[in-house]
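Starting off, we have a lone chain in the form predicted on its own, written out as structure tokens.
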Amino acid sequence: MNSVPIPENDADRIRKLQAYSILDTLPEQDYDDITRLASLICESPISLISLVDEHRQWFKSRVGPDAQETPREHAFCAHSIMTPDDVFIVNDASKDARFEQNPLVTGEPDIRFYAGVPLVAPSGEALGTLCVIDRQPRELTLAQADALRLLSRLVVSQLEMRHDIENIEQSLLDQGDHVARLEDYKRKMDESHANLRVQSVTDVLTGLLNRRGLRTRLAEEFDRAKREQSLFSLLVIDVDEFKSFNDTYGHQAGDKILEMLGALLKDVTRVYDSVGRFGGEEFVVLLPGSDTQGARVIAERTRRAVQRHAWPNRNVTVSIGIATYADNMESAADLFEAADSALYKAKENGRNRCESAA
């Protein structure tokens, strides 16, 4: 194992880290929420907020391992902070000369894949990383890398706000103008929390609602239709033969198709419809005020728009299942299952078609 690299500004970097007074503090929910999001988005069993001081890397938040810290000479994050502007990725540590003899690779936690985004202070020092780790060799998608960058900026924002609190508390002892600063802190905190709430219901790749956001919106619209006896329909859309597309052209090309499809769905639906990515290559459109006939018009318009669109690599088509709220439905799940069954029928009947629930 090669010796750990040391940044030229390491002394300044450590002084900056110590100024945040974050090392060896108790767990905090705001940081734990970020590591959980990173773990979910990157589908990794381990996620860490790692801060690198003179002799160790210390974990402010962690998903997976029990250890609170490890020696700096073993830290992948010590390598990551050498390139503050880049995502540092190791696809298979057991085949990387820098890490193949590392105790964290040869023993617990058996690291194979690592991706770390440096936590860069506003003044430019890399304090540590937000990283995700897997015990299997793998790759990071472009969308996952972008998400890690976004979350790393949120970590730094939390550090800055925490530092602001300490400064405010000190200023309260010395001066009487604390009210304005406290209000500014509260505004920053509210904005940060609002951003986290938005991100928790937003699909990173497409910018549409994610599964969680769709389920919440679907339940709201279903309850409204049931309460007011109003019209409400649902489309479940699936990209035809998407696995073979990924197998042929790669996952990055597949991600590009999903991103383009998300934008196309927003264009062909109405402004008050809700569009989201339910998972994988499956999308959902909520159509308040639409009966089955109206929903079929929108579904066919969507199917034709996809078929006629200029796609990279090869043509893309979709199959669409349609379902409409009925009095005998007890929950939003009933409506979704009806649309999903109709989608299955569209697949069975040859794909690139729309089918309505019975």
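The first residue of the shown sequence is 1; numbering continues from there. No experiment lies behind these values; they were computed from the predicted model shown.
Omitted here: the form predicted together with a small molecule. The next part is about that form.
Stretch 233-241 is the answer when you ask which of 131-139, 233-241, 155-163, 116-124 has residues with heavy atoms within 4.5 Å of the small molecule in the predicted bound form. Proximity of residue 246 to the small molecule in the predicted bound form falls within the 4.5 Å heavy atom cutoff. Within this chain, residue 258 lines the site of the small molecule in the predicted bound form, having a heavy atom no more than 4.5 Å away. The small molecule in the predicted bound form comes within 4.5 Å of a heavy atom belonging to residue 281. Of the heavy atoms in residue 345, none are within 4.5 Å of the small molecule in the predicted bound form. When you look in the predicted bound form, the only residue of 266, 251, 74, 212 with a non-hydrogen atom within 4.5 Å of the small molecule is 251.
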